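In the form predicted on its own, a lone chain appears below as C-alpha cells.
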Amino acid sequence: MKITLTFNPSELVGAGFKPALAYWNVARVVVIDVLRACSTITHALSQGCRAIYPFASVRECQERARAMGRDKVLLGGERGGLRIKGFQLGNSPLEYPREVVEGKDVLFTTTNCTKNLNTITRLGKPKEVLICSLLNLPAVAEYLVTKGEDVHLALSGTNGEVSLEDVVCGGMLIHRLVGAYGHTPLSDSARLAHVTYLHYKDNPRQALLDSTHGRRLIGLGMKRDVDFCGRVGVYDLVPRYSKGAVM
C-alpha cells in the first residue's frame, strides 16, 4: 500500500501533482472535508437519505433540480458557510435529521468539497471514491485495511488553502493504516499530515477549534456544528461516490 495526499483540489490539477493515469485508475481516493461537507453527507446517509448528488456550482444544482422535479428533491449546500438562497438546507449536519431526509435525494453544492469531487472524476476513473470525516473514519480505515491497495487522500481545504482539520483527519487515517501494515510508503505530504495528527492525537477535536475555518464557523454562530463534526467514529458507514451520486 502506498499513500499519497493533496491538501486541496488545486493541487490535483497543478504542476505539483500529476498522477500517472495508470496509478490514478487503480488507487482508491478518499475525499476528506471535516467542516463540514463530508460530515454532513455521512450524517445524512445515516439518517436514511437515499442519495446525495454533488455539484460544483449552484447553477448546475438548480438545473438538475428542474430536470428531476423540484418537488421530488431537496436542495442543500452553502457558499461562504451560509445556506444558499432558495435552498431548503445548508451545510450543517444538524439540518439533516431523519424526519427531513429519509428516503429523499439531496442535490448538494459546497464551496470546497463538491468541487473536489468534480476535479477527481475529471482526472480519470479511480477504483473507488470514498467519503471520509471524523464521524466515520474508523469504518473507512477498516475498509481500506481489508483492501490493502494504494490510497490517495484528497483533502478539500478551504478556498484553495490548507485546512488544519482536514490535515489532522487525513493524518489520523494514515496513522491507522500504518498501524495495520507497518512499513507503508508515504508521500511527503502524507507524512506531514501524519506528523500533524500526532500533535493532536490526544485531542483531535482541538484541531477543529484551532483551525481558521473552525474559528470562522464559531464566529458565525455554528459552534454546535464544529462540536458535532469533531466526534470520532460515530457512524459505521463508508459512503461511495459513483456515477454522480454518493450512497
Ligand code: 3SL
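Numbers follow the displayed sequence, beginning with 1. Owing to the predicted nature of the structure, the values given are computational and were not obtained by experimental measurement.
Keep in mind that the form predicted together with this ligand is missing from the display, and what follows is about it.
Comparing 184-192, 28-36, 56-64, 203-211 against this ligand in the model of the complex, the single stretch with non-hydrogen atoms within 4.5 angstroms of it is 28-36. At a distance threshold of 4.5 angstroms between non-hydrogen atoms, S133 is out of contact with this ligand in the model of the complex.
Looking at T121, you'd find every heavy atom of it more than 4.5 angstroms from this ligand in the model of the complex. The closest non-hydrogen atom of G81 lies within 4.5 Å of this ligand in the model of the complex.
Taking the partner from elsewhere, C113 is found to have a heavy atom lying within 4.5 Å of this ligand in the model of the complex.
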